[in-house]
Structure formats: C-alpha cells, structure tokens
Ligand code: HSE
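Have a look below at one chain only, the form predicted alone, in structure tokens format.
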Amino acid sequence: MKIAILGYGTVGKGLVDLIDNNKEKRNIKIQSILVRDKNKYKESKYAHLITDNIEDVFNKEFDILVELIGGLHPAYEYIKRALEDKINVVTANKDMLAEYGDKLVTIAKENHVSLRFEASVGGGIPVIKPLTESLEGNIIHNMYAILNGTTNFILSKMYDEGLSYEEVLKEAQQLGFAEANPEADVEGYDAARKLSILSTLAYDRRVYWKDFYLEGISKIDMKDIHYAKKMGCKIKLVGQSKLDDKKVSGFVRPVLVDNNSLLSRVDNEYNIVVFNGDSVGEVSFVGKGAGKEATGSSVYSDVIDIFDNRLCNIDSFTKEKIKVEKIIRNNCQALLRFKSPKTEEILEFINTYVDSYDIVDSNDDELVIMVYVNSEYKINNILRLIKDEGYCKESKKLLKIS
C-alpha cells in the first residue's frame, strides 16, 4: 500500500502517527511528503521522504494521493493531475470541494478512481460515510449542525467566562484555535462550505455554499450573551438546511438555542451534526471538529476504505445546482434589540404586525423584544419599517431555533 502525502502540518503529522501505530494491522508505505520548506524538517524521522518539489512526488509510484495542504490552489491542480493519472485521492479540503467538487467527482468517475473526503466536514466525526452509506435508504428532510470549532470555542468562552469577543478571539489565536486572519471562521464561510457538502450529499442536489444566508459572530456582544442567559439560552453559530417540496432552504448564522437542547451541550472545539430522515428519524454525530489525532483518524479511515475497495456514492456533486432559499418561511421567533428607541412608536408597530411578543428589557438606551411570527419575512419587514421611520438608532436580530 503506497501513498504520497501533500502537507505535513497538524493533520499530516496525525496521519503519519496513525500509520506508524497501526503497522501490524496495515502495512502502508509512505513514498513522499510534500512541504513548503524541506529545510524545516532536517531532524524529522521522515526527512528522507520530504520534498518541496511536486515533481518528486509524481515521479514515484503510489496508489493514493493524500492532500492536506488546504486552499484552492495549487491543491486543485495537484488533485486533478492525480485523478487524471488514475490515482485515488483522499482530501480534507472543504474549501476545494465546496468550490470544485463537481469537476473533481466527474474526473474521478471518468478515470475509475476514488475521491474521498471524510475529514473535510467535522474533523474527527465520521459523518460523510454514515450519510452516504448507512442512511442511503432514507430521504433526509433537514439537518442542523455546529460545524466550526473556532466560533464554538469563542462563544463558549464568552458565555462561561464573561469575556468579550475581542478578548476570546485573541486567546483562540494564541492557542492555535483561530488563524491570524480568522475571517473564514468567524464570518461563517467555513461552516457554510461544510454545510454545502453535507446538503449536496443529503438532498442529491448540488448546493453551493455562497447561496446560503451567511452571518458570522463578529457582532455578538456581551449584551447578546446577557439576554441569552436571561432567557435560558446560549448563542451558537448554527448551520441549518431543509429540503421541502424539491426546494432547499438554509443558513449559517448565530442563533439562540435553549439550554436543554442538544446544541447547547456542545461546547468549545466540539462539533455536532444532526440529520432527520424519513425512516430513521433524528440521528446525531458529536465529536472533535479539528485537531491532529481526530482529523488524522478520518483521513486514515478514507485511506483504508480505498485499499479495501469500499466505495461510496458521491454523484450528487455532478447534479445541477439548486436554488437556495435564505429566509425561514415557517413559524419562527427572534430577539429584537432596538438602540436609542422611541419605545411607544416601536411597540405600536409591533402590536400591528406581530402575532405575539414579550418585552425582555426596556429602558432609554435599549428596547429588547422577543417576537413570535409565521415567517422571517415579517420580522425583516418590521425592522425595515421601524428604520425608515427613524424610531431607533440601530436594530439587531437573533433568531431562536428549537
């Protein structure tokens, strides 16, 4: 069993450790390891296999290319080349799958090789294989998930320790949970890419990540946390999608969840994915969403599946892209915050347009209301009318999901 590894960072080292620790079970031979600067690895046990030249990799014979360098380019070109050379590929690259999954799956099929990507969603959580194999007989109606460990860590620390977003982000960067440029995580892009991969496979339609409603956590402040606690809730960055009458709706956004809900109990770097199938009902998968050992485990399992000729159906990536509805059309509730409010005028609007509501807090600085309506459109319309009338300095909305 011969493999080539592109990337020797956290996940790459985790994979190599697993290969070393399981030599008695599986004799996997590493042919080469591609890095950016091989001089950094002169003392490595595998220094003799390490190269910074991609041609050194492809000049050797191997059965599987394991891509762990991330990003779109040159990862896409390397994987495309391997598939066209009839070499199987394992990747953890959710960015590339969300953008080019259709092209790569087509190339893999044309060349009768495998493209596997368990580690691209949920880190160490086995979720792709259960979705495409164990749940294949089900119609998946909807899913909801916490798919980004960085944002979950930040929100957990804000809630538990009363620290501001800026303070926790700095700590997350120091601990290695957040990148120097955290935009992809904190603005929801990472979670949306993962949700699009799961939705594509679950609904057998190509769902593009940029079509979801996207809202990150960078504007969550300590007053949001205060009001969440007051209502017995936590704030989580949640990805949710739904298939209804051959239409898909979905979002990635910070939402309020009850303290007794499944989502509220998933904290820090842990992730959760929940599917609702017509036969199996609700099933959930919880585990570490990142890390050396956890993600390395998912990559290793894909390598073994290819060697054992265990195939999965990923044709959904080649289907026509489906339009995604961004707004919740069914009954929903939301916490509305109005800064420097004209309270009487706002409440008059609320009484006119809202099915029911509760006043959470009211003072000269802020009016906070929980509203209950039959569509998010109604909430957005109320906020627009109040803004147009100049009845507050600014407004803010946090959906609550059950």
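One-based numbering along the sequence shown. Rigid core: the largest C-alpha set superposing within 1.5 Å between the two forms. As the structure is a computational prediction, the values presented were derived from the model and not from experiment.
Not on display, but discussed next: the form predicted together with this ligand.
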query: Site test, His141, Gly250 and Val324 vs this ligand in the predicted complex, non-hydrogen atom cutoff 4.5 Å; finding: no
query: In the predicted complex, the residue from Glu282, Glu84, Glu179, Asp160 that sits within 4.5 Å of this ligand by heavy atoms; finding: Glu179
query: One residue of Leu201, Ile272, Leu155, Ala290 in contact with this ligand, assessed in the predicted complex (non-hydrogen atom, 4.5 angstroms); finding: Ala290
query: Close approach of Val90 to this ligand in the predicted complex, 4.5 Å, heavy atom; finding: no
query: Arg193, heavy atom within 4.5 angstroms of this ligand in the predicted complex; finding: no
query: Residue contact check: Gly149 to this ligand in the predicted complex, 4.5 Å heavy atom; finding: yes
query: 4.5 Å heavy atom contact, Lys234 and this ligand in the predicted complex; finding: no
query: Listed range touching this ligand, judged in the predicted complex by heavy atoms within 4.5 Å, from 273-281, 170-178, 98-106, 204-212; finding: 170-178
query: In the predicted complex, residues of 92-129 near this ligand [heavy atom within 4.5 Å]; finding: Lys94
query: Rigid core fit then Ala172 CA moved by 2 Å or more between the shown form and the other one; finding: yes
